[in-house]
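In the block that follows, a single chain appears as structure tokens, in the form predicted alone.
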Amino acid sequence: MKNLIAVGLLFAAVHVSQAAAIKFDFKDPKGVNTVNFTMDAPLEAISGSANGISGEVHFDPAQPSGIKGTLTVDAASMQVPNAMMKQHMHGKDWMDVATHPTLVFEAVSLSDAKTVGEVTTAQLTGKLTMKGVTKTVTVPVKISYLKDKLEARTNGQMKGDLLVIRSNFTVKRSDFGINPKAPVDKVADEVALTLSVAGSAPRS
């Protein structure tokens, strides 16, 4: 009997914890959610962006360390100023967009979290998948929970909360099989990524 009660209490605690988390949708109707990337090689600096971002993140303002969710980037939305360079980037040797249409980051755990007011800074560990290769990475994040700010962002059209996630980190394209034979004096192996995205949690 005691074991059944303990199991029941544990289930209730988990249920309450899950219920407290707010679901934020990162499919941005304004189209301003962006990932910027830069490869700064000795002979050439290549910069671009991707704005085909979607996904869901579950976040409890009272327990930021319990954050879970997935962000997905449409690989075909990756842009660079040079049209020929963009064609190469989408091609088989580079991102192979036809075969691997998405880049995915799945949040696994949050550590060293510090919350001041509405802002939490921490180290976010997750699984990053690019060109079909998945690696575990840990990146610094700044998470801002903006209660009742969705109305201001949508010019009064929707009520609800916002979750803004920002991060700056680097990955090696060779780790993900992204044209590892390319000369690093022209195309840097290290790719600097800047993430700035906002998710919404509408309510009536």
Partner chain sequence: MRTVIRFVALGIALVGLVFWFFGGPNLGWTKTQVPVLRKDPVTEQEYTEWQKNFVPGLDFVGAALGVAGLVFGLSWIARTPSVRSKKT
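Residue numbers count along the first chain shown, from 1. Owing to the predicted nature of the structure, the values given are computational and were not obtained by experimental measurement.
Form predicted in complex with its partner chain: not shown, discussed below.
When its partner chain is considered in the predicted bound form, G132 lies well away from it, no heavy atom lying within 4.5 Å.
The closest non-hydrogen atom of P81 lies within 4.5 Å of its partner chain in the predicted bound form. Although the partner is absent here, V108 lies well away from its partner chain in the predicted bound form, with no heavy atom inside 4.5 Å.
Although the partner is absent here, L162 sits close enough that one of its heavy atoms falls within 4.5 Å of its partner chain in the predicted bound form. Contact check for M85, A152 and A198: all three have a heavy atom within 4.5 Å of its partner chain in the predicted bound form. Only one of 171 to 179, 55 to 63, 132 to 140, 25 to 33 lies within 4.5 Å of its partner chain in the predicted bound form by heavy atoms, and it is 25 to 33. Residues of 54 to 70 that come within 4.5 Å of its partner chain in the predicted bound form, judged by any heavy atom, do not exist; none qualify.
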